[in-house]
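Below, in structure tokens: the form predicted on its own, a single chain.
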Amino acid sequence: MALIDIKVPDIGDFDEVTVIEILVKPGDTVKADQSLLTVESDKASMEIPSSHGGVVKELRVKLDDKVKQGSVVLVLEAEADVSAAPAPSAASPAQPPPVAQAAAVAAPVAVASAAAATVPPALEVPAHEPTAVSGQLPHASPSVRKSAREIGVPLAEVKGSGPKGRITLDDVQSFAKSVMAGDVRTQAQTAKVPAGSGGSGGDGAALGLLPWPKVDFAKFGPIERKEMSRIKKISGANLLRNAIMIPAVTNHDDADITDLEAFRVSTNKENEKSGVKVTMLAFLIKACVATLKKYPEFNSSLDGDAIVYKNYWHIGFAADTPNGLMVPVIRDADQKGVLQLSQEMGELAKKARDGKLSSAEMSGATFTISSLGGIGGKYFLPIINAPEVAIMGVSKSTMEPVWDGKQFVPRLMLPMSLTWDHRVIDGAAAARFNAYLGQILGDFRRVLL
């Protein structure tokens, strides 16, 4: 038997996270990839898995400890004949497992904007919030923290009624009821637009808007009330911020993908035994990367009065899951072929549906693609996923008559909707971007140029 230090794996962009739950104790037998403890940042909670199977000999952390990547959390007496293996990435933000899962890997689709899965920045703390000013972790038991996460209650905003201000389950439930009744506003509801953005606040009154109508829907007929998932609550705040703060414009175009679709079908037949199904989205990612390289302003971000041009191409794609919209990120898409992209998308989409995406797998995108191709529709207006400056939305391709100079011929046309930030990009550049992307999709050999 060998003693092995179990360390905190890659936790994304977080410098430090706080231990909020310890799921094992000395003497427990654990399996590889079993969750050992739960950590929490200011943006999300994550479970830290074990890199090996064995028996827990010693815990090196306690509740409320701060840990970071590489910190030793416990000592494990590993099972025989186990060689050192790299620690897996931290599990995804804690959430209930989906009720149903998709049976086959297909081109992921989105039903809104790809802005949904990112986590909002620090927001203004309302007057009722008791602990966020001090920066300390609110006092609550692991079971109370779990209940708060499941119903989407931010513990930092709950006033505890227990000894020394400890938050109880009743406090969490009372806070949730108060929010739903409109007596208390959460941080997301009181968020203000940062200075210099051109807006005066996220509050409707501050923006000069009429107050949100309060209606007793039950008086008109039977109703059913369901709580929104945590992902939808987070995405709502992001969508509102991005829609208000970004001066967005959308260009609609059609791309002829007749020959590309024929190539995709033949490629799938040739690779039938490999188990990898090539999707049109994989070709679209390669085409977008080539177009982003030609028009680098679309692969940039605003940073104050400067524009940051990125020399890497990480492409986010919107995935529709039972718990809401999520955006996994394909890193270094320029260095991967269509088959590799298809396989990686399938794996990430499955992790998204299973609720196992880590924060690192949803961060760092330079450009996002939102696809409704598996559902339908013609055009739509995707919302930019800040801090990106553009997003591509594609809908279901249809066979249409196209004039070739002599006659109308049937061609498979792909509807494209490019939304862009007018502070960085102008209309002429957007038109050129779509035109060039359409040329590549029409003749994919251009991606080699």
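In this text, all values refer to a predicted model and were calculated from it rather than measured experimentally. We number the residues from 1 along the sequence you see.
The next section is about a form of this same protein that is not shown, the form predicted in complex with a small molecule.
In summary, the region of this chain contacting the small molecule in the predicted bound form, judged by heavy atoms within 4.5 Å and restricted to 243-251, 372-380, 69-77, 154-162, corresponds to 372-380. Using a 4.5 Å cutoff between non-hydrogen atoms, residue 39 does not count as a contact of the small molecule in the predicted bound form.
For the chain shown alone, residue 320 is a contact residue for the small molecule in the predicted bound form, at least one non-hydrogen atom being within 4.5 angstroms. Of the heavy atoms in residue 345, some are within 4.5 Å of the small molecule in the predicted bound form.
Remark: residue 286 does not count among the residues lining the small molecule in the predicted bound form, judged by a heavy atom distance of 4.5 Å or less. In summary, among the residues 281, 290, 234, 338, the only one with a non-hydrogen atom within 4.5 Å of the small molecule in the predicted bound form is 281. Listed residues 145, 277, 331, 230 were compared with the small molecule in the predicted bound form; 277 is the one with a heavy atom within 4.5 Å. Within 4.5 Å of the small molecule in the predicted bound form, a heavy atom is found for every one of 264, 396 and 414.
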